[in-house]
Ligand code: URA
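Only one chain is shown below, in C-alpha cells, and it's the form predicted on its own.
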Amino acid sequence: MSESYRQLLDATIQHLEGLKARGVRHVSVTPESLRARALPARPTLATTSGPKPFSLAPVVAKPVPAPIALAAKPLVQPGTQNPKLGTTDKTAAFAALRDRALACVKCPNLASSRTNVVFGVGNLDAQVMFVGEAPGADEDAQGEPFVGAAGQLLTKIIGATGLSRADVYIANILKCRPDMPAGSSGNRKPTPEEMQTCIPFLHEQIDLIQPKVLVALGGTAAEGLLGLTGIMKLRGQWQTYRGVPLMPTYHPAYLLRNQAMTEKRRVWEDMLAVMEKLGMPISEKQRNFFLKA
C-alpha cells in the first residue's frame, strides 16, 4: 500500500468516524466527491509514541482539497423526537442494526463465550419498551430476551395490562451473556464497561422504535440507563431517558425470589402508572390486583 493511499484511507476513516459519532448512519458518495479526493495533495500523518487511531497532524504542506463531500442524513436523529419512519425504512434500518450487533466482537471475552447475540424482540412500533440488563443462559441458548423463568413472569405481567409480547418491544442493555468462570454456573452482573460498550445498540433501537414509555427492569438496568443506584428508592418514580419517560421497577427475577404480595403490588402499581401514561383503559379489577381483601 503506497503512503499516499494510506494517508487518504486514514483521512477518510477519520471523517466517517466523526460522522458516526454525530449519529450519521447512512452515507451516500457522489462521483464528483470521489473525483475531488483523487487530487494529489494529502495530509500527513502524525507520528506519536502511543496508539491514537485516525489522529492527523496539522497540515504543513500546501493547502489540501476539502474532505469528501458527503450527502448524508441519518434516518433518525439520536435522542430527539423524529417523524415515524415508514415500515419499509424502519424494517431495513433494524435489519442493518441487527446485522451489526450479531457481528460485534468489541468485547472479545463475551464474543468468544456466547452462543447467540440476543438482539431484541417485539413490535417495531411498540408504545412501550422493556429493558433488562443482560441475557441469561436460557436467552443465550435461544437468542431471545426474557425466555427463562423471569421472562415467563414478565410475559404474565405484560398480559395483565391487556397487552402481549407481540405488542411491546423487549431488549437488554447487553446483547451478549456475561461470561462465567470455567466450571461455574448462574449469571453474573455485567460490568459498567461492558454496558457502556454495548449500549449504543440499545440507543439505536430506542431511536428507531420511538416508544412512548420505557420500563427499566431491575437495579442493574436502571443503573446502566440512568447512572443511578438503589432500585428500592427508584422504582415507581418517573425518570426521563433520551427524551422518553422511563419507569424503573423490580426485575421479574426479584419477584421469583420474593413472592410477598406487597412486592407484587409494587410492581403492579408501576405497571398501572405505565398504563395511565399510555392512556390505556384500566378496569376496577386491574386496579385491585394484589390488594388484600
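When you see a residue number, it is the position in the sequence shown, counting from 1. All of these numbers come straight from a predicted model, not from anything done at the bench.
Omitted here: the form predicted together with uracil (URA). The next part is about that form.
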| item | value |
| --- | --- |
| Contact test in the predicted bound form: Gly136 vs uracil (URA), heavy atoms, 4.5 Å | yes |
| Heavy atom of Phe146 within 4.5 Å of uracil (URA) in the predicted bound form | yes |
| Answer range among 128-136, 203-211, 90-98, 104-112 for contact with uracil (URA), defined in the predicted bound form as heavy atoms within 4.5 Å | 128-136 |
| Contact set, 168-193 vs uracil (URA) in the predicted bound form - heavy atom within 4.5 angstroms | Asn172 |
